[in-house]
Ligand SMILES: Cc1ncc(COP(=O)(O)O)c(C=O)c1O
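We begin with a single chain expressed as C-alpha cells, specifically the form predicted on its own.
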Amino acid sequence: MALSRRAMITGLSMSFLTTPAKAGAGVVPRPDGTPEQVARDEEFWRAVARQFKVSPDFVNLENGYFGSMPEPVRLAYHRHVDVLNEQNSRLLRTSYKKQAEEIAARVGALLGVSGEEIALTRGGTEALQNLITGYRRLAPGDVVMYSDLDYHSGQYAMKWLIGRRGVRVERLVIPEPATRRAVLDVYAKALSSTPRLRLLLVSHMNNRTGLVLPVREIIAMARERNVDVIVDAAHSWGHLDFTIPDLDADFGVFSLHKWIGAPLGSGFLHIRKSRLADVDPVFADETYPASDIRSRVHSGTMDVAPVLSVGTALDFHNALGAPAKEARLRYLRDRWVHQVRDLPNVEILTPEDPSMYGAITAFRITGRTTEADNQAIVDRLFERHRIFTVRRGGVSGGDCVRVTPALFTSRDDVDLFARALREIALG
C-alpha cells in the first residue's frame, strides 16, 4: 500500500528520543520552538545522544564515513540477523520481497516519489556505479564530466566509460572560495563550452569539503542543453531536509547508512519512471522485467538484515524531524567555525551561506596542502586532544581535514575542537 509523506512523519512515538535504552529511564519531552531553537537545546540533545552507544575514549568528529546506529536501530538489526539466521532461505524466498517493497515505498514517500522509482542497494557506491555504467545515452566521442569534489568511486566509474563507450572524460574544478554565483558560473561555462557533453555527475553534498551545491539550478541549465545529471545525494539525505522533486532530479543515488542511521550495507538509487529506459538492466538481469527498476540492481544473495532494519531507522529519523536534524547539524558546524574564522591562516572550505553546508566542513591551514601536512594535523588532534578527524585529498586547492559532527556530538565537543584548532593554527 502506498504511504503518503505526511503519514510517514505524523503519529510516530517519541519514545526513541525520550527514553534511554535501559529500562526505567525517565522521559525528556522534545522542546517546543523552531528548528533553530531546538538545535540549541543541549538537554534535549543529551537525551538524543543517550540513544547512541559510542566510545567515550575519544571525540568522534569523523562521522561522514558512516553514521552510528541509534540504539533502537542497533537492537532491531540484531533481531533481524537472528531471524535471518533462524529462518534462512525461507525468509528470503517468502516474506522478504514484500518487506523490501514496503521499505522502498516508505523511502519513496519520504522523498516525494513512488516506491516504483526506488531500487534498494547495498549502499550509495553500488547505486552510483550502476547508474553511471548503465547509462545508455552515450555514443563514441561524447563527453562525460565530474568535478574535483565528486566521490572517488564516481570518478572511477566515469573513467570506466572511456573504454566501454568511447567517451571523453573532463574534470571541472569547483572554485575556492565557493559561492553560489561562482559555482553556477563554473557549471554554466562548462555546459556552454562542451558541445558534446551528455552526462554530468553532481554531488549534492560532497564528501571532501561538505560543500552543498545548488543542484536544482545546475539540472535546469543542463536540461537546456540536453545533458543528463546523476545526483550523488549519499551525504545529503537525512542530513538536509529535501525531497527529490525539490531537486527535480531524474537520477539519484542515496545512502541509508550515513545520516538516516540504518546499518552498513543499505542504500538505494532513484530513476524517474519516464527515464527508466535510459539505464540498462544491470548485467542483462532477467530477474525482473526491464520495466521494473529492480532490474537495475543485482546484488546476489546479500545480508538482508540491514534492509529489514531501515524501517526502524526511518522511525527514528521521523521522530526527530528532518528540519530539527538539519538545524542541529548546522549549529554544531557553526559553533566551531565561528570560533576560528578570525584566524587568517585557517581556510574554511564551506561558505557562510546556510544553503551551502550542513555538518560536514573541511579546513586547511594556509600553505599546508600536502597529504603529509594534513595527516600530521589529524594525528596531532588525536594524540594531544583525543579528537578523531580525517584527511581528505583530491581537492584542487590542496589536501584538507574534514570535520563531521553527528547527532550525538555535544556543544562541548565542538568547543574542544575549536580550542585545539586554534592551538594548531597559532603554534
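This structure is a prediction, so every number in the text was calculated from the model and none was measured. From 1 onward, residues are counted along the sequence shown.
Another form exists, predicted in complex with the ligand; not displayed. Remarks below refer to it.
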**Message:** Under a 4.5 Å heavy atom criterion, is residue 207 part of the interface with the ligand in the predicted bound form?
**Reply:** yes
**Asked** Given that the partner is absent here, does residue 123 sit within 4.5 Å of the ligand in the predicted bound form, heavy atoms only?
**Response** yes
**Asked** Though only this chain appears here, would residue 310 touch the ligand in the predicted bound form if you measure heavy atom gaps against 4.5 Å?
**Response** no
**Request:** Would you check, heavy atoms only and a 4.5 Å threshold, whether residue 151 touches the ligand in the predicted bound form?
**Result:** yes
**Prompt:** Exactly one of 258, 317, 270, 333 has a non-hydrogen atom within 4.5 Å of the ligand in the predicted bound form; which residue is it?
**Reply:** 258
**Complete:** With the partner omitted here, the residue among 296, 106, 325, 235 that in the predicted bound form has a heavy atom within 4.5 Å of the ligand is 235
**Prompt:** Can you pick the stretch from 219-227, 159-167, 71-79, 124-132 whose heavy atoms fall within 4.5 Å of the ligand in the predicted bound form?
**Reply:** 124-132
**Message:** For the stretch 54-80, I need every residue with any heavy atom inside 4.5 Å of the ligand in the predicted bound form, listed N to C.
**Reply:** 64, 65
